[in-house]
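Next up: just one chain, as structure tokens, the form predicted alone.
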Amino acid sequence: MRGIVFALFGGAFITLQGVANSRISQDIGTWQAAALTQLTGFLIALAVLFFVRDGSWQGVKRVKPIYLMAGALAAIIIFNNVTAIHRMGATFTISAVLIAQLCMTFLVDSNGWFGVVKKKMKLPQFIGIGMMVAGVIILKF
């Protein structure tokens, strides 16, 4: 149950961040908004780290270097979300983002990428993604 709550909060905050970044970018520019968002996110994460202290920096040595670049993807995410919101609006953008996330997660799970345990995808998963795509198409018209 707690996982669902965290997922719902994560989804809500991703949406709020996208809409806020879109608004910020109108005043200062898209890449500036991405940089500002990354900076404020880093500062908040660093502040929380000082209070929580739930891990160890020594573990960084065991992480594959390519995975250490994952944070850089956030700049690309922010740029794409902001640009899409400007062109299509928040609702349609977030709908498309959710489908893209599901499709990419589908590939990660079914191929076992990043050390994830491979999962066999069955008809219900394909139907679910198809229903979401149909829902977005209906939403657009």
Partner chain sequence: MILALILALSAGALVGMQNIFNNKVNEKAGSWTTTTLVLGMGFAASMAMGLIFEGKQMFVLQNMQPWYWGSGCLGVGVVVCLVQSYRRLDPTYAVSIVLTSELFFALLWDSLGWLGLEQIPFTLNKLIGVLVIVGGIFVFKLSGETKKQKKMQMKLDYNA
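Quick caveat, the model's predicted, so the values are computed rather than measured. Whichever C-alpha set is largest while still superposing within 1.5 Å between the two forms counts as the rigid core. Numbering follows the first chain given and starts at 1.
In what follows, reference is made to the form predicted together with its partner chain, a form of this protein that is not presented.
Put simply, S110 is far from its partner chain in the predicted bound form: not one heavy atom of it is within 4.5 Å. Scanning 87 to 102 for heavy atoms within 4.5 Å of its partner chain in the predicted bound form gives R87, M88, G89, A90, T91, F92, T93, I94, S95, A96, V97, L98, A100, Q101, L102 in sequence order.
Superposed on the core, the two forms differ at G10: its CA moves 2 Å or more between the shown form and the other one.
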